[in-house]
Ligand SMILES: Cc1cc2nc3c(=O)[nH]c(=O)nc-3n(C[C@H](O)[C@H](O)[C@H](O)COP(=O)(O)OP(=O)(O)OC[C@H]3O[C@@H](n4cnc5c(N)ncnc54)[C@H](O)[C@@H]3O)c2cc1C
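The chain below stands alone and is given as structure tokens, in the form predicted on its own.
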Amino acid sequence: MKPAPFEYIRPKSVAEASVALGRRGATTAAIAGGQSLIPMLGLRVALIDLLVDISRLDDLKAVTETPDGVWLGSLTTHSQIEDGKTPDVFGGLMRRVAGQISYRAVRNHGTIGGSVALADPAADWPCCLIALDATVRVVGRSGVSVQRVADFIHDSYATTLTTGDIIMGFDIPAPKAALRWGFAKVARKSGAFAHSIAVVTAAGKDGPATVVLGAAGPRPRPMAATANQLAVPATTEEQLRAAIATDLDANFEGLDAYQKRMHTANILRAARDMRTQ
């Protein structure tokens, strides 16, 4: 199908883009990579009056590294991360995540900011960024705000973004020691939407673990009992399974027996990956 008619503009600054997105009486949308929005417009799942093209705003493309961490502008593409064109202080975790997003053609255009703004429950970046305790910087009519990604995403396709808001980028703190990590995903085929995403991290040999599960509910959720169990020396698989079961029951409603087995197996696979490092 063809999209319904809409107006298109290409602003020259973030401020101009914010004003356009906040136009009164109009349904607006920002486009950067367009890998999700264009199909939605074509299928008329999304209907808009104004499309604001932010893809050429250099302020959203900045990538920097400091002693405290990494700044990734919202227009950083998946392929830039996959190809090592962004600072890698996370032991290769972000490169691994980026390389398993959809297909290369999508990764060449899709952006990390677009992925988080859409807040698709099956998206990889929200899960990864929550595990890394990243914050998102948003600019809008009320000024600039900084939030943890874990707080920014509220529900399926729902964030704290309001009319006129634009994601500037993400501050990702550098780990205090070499990051150990595990990443596992279940999908029907390569490039398909995920049915389960698990990210497990720990800073150094004895650092506390973090476990985040995505694609199991409306938004990714930290798995506190599982993370605590992973920190116990010589913990057994049976103990980990029990902790995962506790977290699944506490954080996700309506999972059937198959889904619980799938998520359990996926988390265990990610945990084994981390333990080998």
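Just so it is clear, the model here is predicted, and its values are computed rather than measured. For every residue, the number given is its place in the sequence shown, counted from 1.
Keep in mind that the form predicted in complex with this ligand is not shown, yet the notes after this line are about it.
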Looking at this ligand in the predicted bound form, do all three of 180, 209 and 266 come within 4.5 Å of it through at least one heavy atom? no
The stretch from 84-92, 171-179, 122-130, 140-148 that lies within 4.5 Å of this ligand in the predicted bound form, judged by heavy atoms, is 122-130
Which residue among 230, 215, 243, 37 has a heavy atom within 4.5 angstroms of this ligand in the predicted bound form? 37
With this ligand left out of view, choose which of 163, 79, 102, 160 has a non-hydrogen atom within 4.5 angstroms of it in the predicted bound form. 102
Using a 4.5 Å heavy atom cut-off, state whether residue 32 contacts this ligand in the predicted bound form. yes
Residue 74: touches this ligand in the predicted bound form, heavy atom cutoff 4.5 angstroms: yes
Is there a heavy atom of residue 203 no more than 4.5 Å from a heavy atom of this ligand in the predicted bound form? no
Would residue 54 count as a contact of this ligand in the predicted bound form, using a 4.5 angstroms cut-off between non-hydrogen atoms? yes
Can you tell me which bits of 95-111 touch this ligand in the predicted bound form, meaning any heavy atom within 4.5 Å? 101, 102, 103, 106, 109, 110, 111
